[in-house]
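A single chain comes next, written as structure tokens; it is the form predicted alone.
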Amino acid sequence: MRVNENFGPKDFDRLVDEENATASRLIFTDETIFKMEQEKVFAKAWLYVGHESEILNVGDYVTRQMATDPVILTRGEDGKAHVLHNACSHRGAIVCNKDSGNARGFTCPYHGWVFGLDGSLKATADDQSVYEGKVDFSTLNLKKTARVDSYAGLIFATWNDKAPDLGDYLGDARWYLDMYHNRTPGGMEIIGEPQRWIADANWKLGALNFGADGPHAVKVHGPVTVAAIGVPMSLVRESLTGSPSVSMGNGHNGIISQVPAEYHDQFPPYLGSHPDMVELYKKHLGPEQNQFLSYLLAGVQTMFPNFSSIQSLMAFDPMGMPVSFMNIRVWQPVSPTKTEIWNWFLVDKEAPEDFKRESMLSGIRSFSVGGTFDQDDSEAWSSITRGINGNIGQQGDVNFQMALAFRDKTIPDFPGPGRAYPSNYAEVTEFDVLLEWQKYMRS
């Protein structure tokens, strides 16, 4: 099968085979599909653009991407967050070239048009009287996203004025976002600037991996996990095969890797967390959420389409204790076979400053542009791109058929919302990301 400009919504039924848990390799390599995604997925879904802690004051701004479109996230004079298309309404030039800052507005460097923090046109290069009243300047504000909203400090935006409310879009995922991002009265804050790097892979590979691919962890990350956490390989595998994966609905999915119960006497609860934070977790979260956090090795999840996060812990000093970190990222599509990864670290606002520093270092050494885990994953994703991008390679399928053995094995008494499966190896939640993608593409 080859994709062309006449490819229609029903054709996407063939690209993702729900019954057999397989998908065409074309969805990771084809240029036409990539272009359709921009309209079908990224122009319709809620996309992560920034964190409340990045724009605390009026005039604060950061420049970001919503898929292939540049945007500015600002704190307006009205105190609200605004997301503006970073392209002048006059000729389309970028109006803000800095990564972040504080400003009273934005001036186009080409013709000098001036826009307010809310995107409203304030002035043109010449007196507007020269247009002799023939131009309606109220139509020439910067284009804004249809909606902006936040949850647990995470700011999302959508171009789609018919999108559901963000709360409804996140649905059951909010319970898990609370567990990782909203577990103290102050919530989380961004530490450091975002890292950005290019991976030679389709954006969906990262979203699937975090959505989450349990089976790769032992093969790809096993040795460094043993070294960084100080646990035997058998425990790593047992924690993966015996910990739950969760489908949260609307394409949001993840895994919760935990210390197996028989090893609880060998690990203190809340390993890697600062003691002062533990008391806040116990007060601010429910008992079920604390049950997961108390023996958490890694909580990994993807909010459809391209926002992912991981909480884990690392110890790079053989004599030291592991330190937990929270990493969030966006898989920004660049081309069918290139993704720009935007990567941030967060920490509880109430945490001591020395712990914040140690947490960030723990994350940088593992999940970052130079981190051991990201280097592992990027090499694997790049090899997939090389393997399936040729004439013969594009003709096959990618296989998620572990899901066939697990899709009917939900955990009946699971303490959290959503559909839970008894293993990180289930591949059900990972494949659910593609099923949600299919819904958007054939809509």
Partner chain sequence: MASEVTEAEYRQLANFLYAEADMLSEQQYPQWLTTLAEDLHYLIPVPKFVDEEGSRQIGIGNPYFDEDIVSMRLRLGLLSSSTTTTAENPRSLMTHIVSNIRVEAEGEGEYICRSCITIHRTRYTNKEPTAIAGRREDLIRRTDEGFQLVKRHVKLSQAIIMSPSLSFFF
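Numbering follows the first chain given and starts at 1. For clarity, every value in this text was computed on a predicted model and none was experimentally measured.
Only in words, not in the display: the form predicted together with its partner chain, which the text now covers.
K.L.:
Which one of D317, D136, D78, D126 is close to its partner chain in the predicted bound form, taking close to mean a heavy atom within 4.5 Å?
P.N.:
Contact check passes for D317.
K.L.:
Looking at A87, L271, A146, I191, which is the one with a non-hydrogen atom within 4.5 Å of its partner chain in the predicted bound form?
P.N.:
Partner contact (heavy atom, 4.5 Å) among the options: I191.
K.L.:
Can any non-hydrogen atom of K162 be found within 4.5 angstroms of its partner chain in the predicted bound form?
P.N.:
Residue-level check for K162: no, no contact with its partner chain.
K.L.:
May I ask you to check whether F267 falls inside a 4.5 Å heavy atom distance of its partner chain in the predicted bound form?
P.N.:
Although its partner chain is absent here, F267 would stay clear of it in the predicted bound form, with no heavy atoms inside 4.5 Å.
K.L.:
So, in the predicted bound form, is N343 in contact with its partner chain at a 4.5 angstroms heavy atom limit?
P.N.:
Judged by the heavy-atom cut-off of 4.5 Å, N343 is in contact with its partner chain in the predicted bound form.
K.L.:
R407 near its partner chain in the predicted bound form, any heavy atom under 4.5 Å?
P.N.:
Looking in the predicted bound form, residue contacts with its partner chain do not include R407, since no heavy atom lies within 4.5 Å.
K.L.:
Considering its partner chain in the predicted bound form, find the one stretch among 169 to 177, 281 to 289, 118 to 126, 360 to 368 with heavy atoms no farther than 4.5 Å from it.
P.N.:
Comparing against its partner chain in the predicted bound form, the contact stretch is 360 to 368.
K.L.:
Which residues from 84 to 100 come close to its partner chain in the predicted bound form, meaning a heavy atom within 4.5 Å?
P.N.:
Residues within 4.5 Å: N97, K98, D99, S100.
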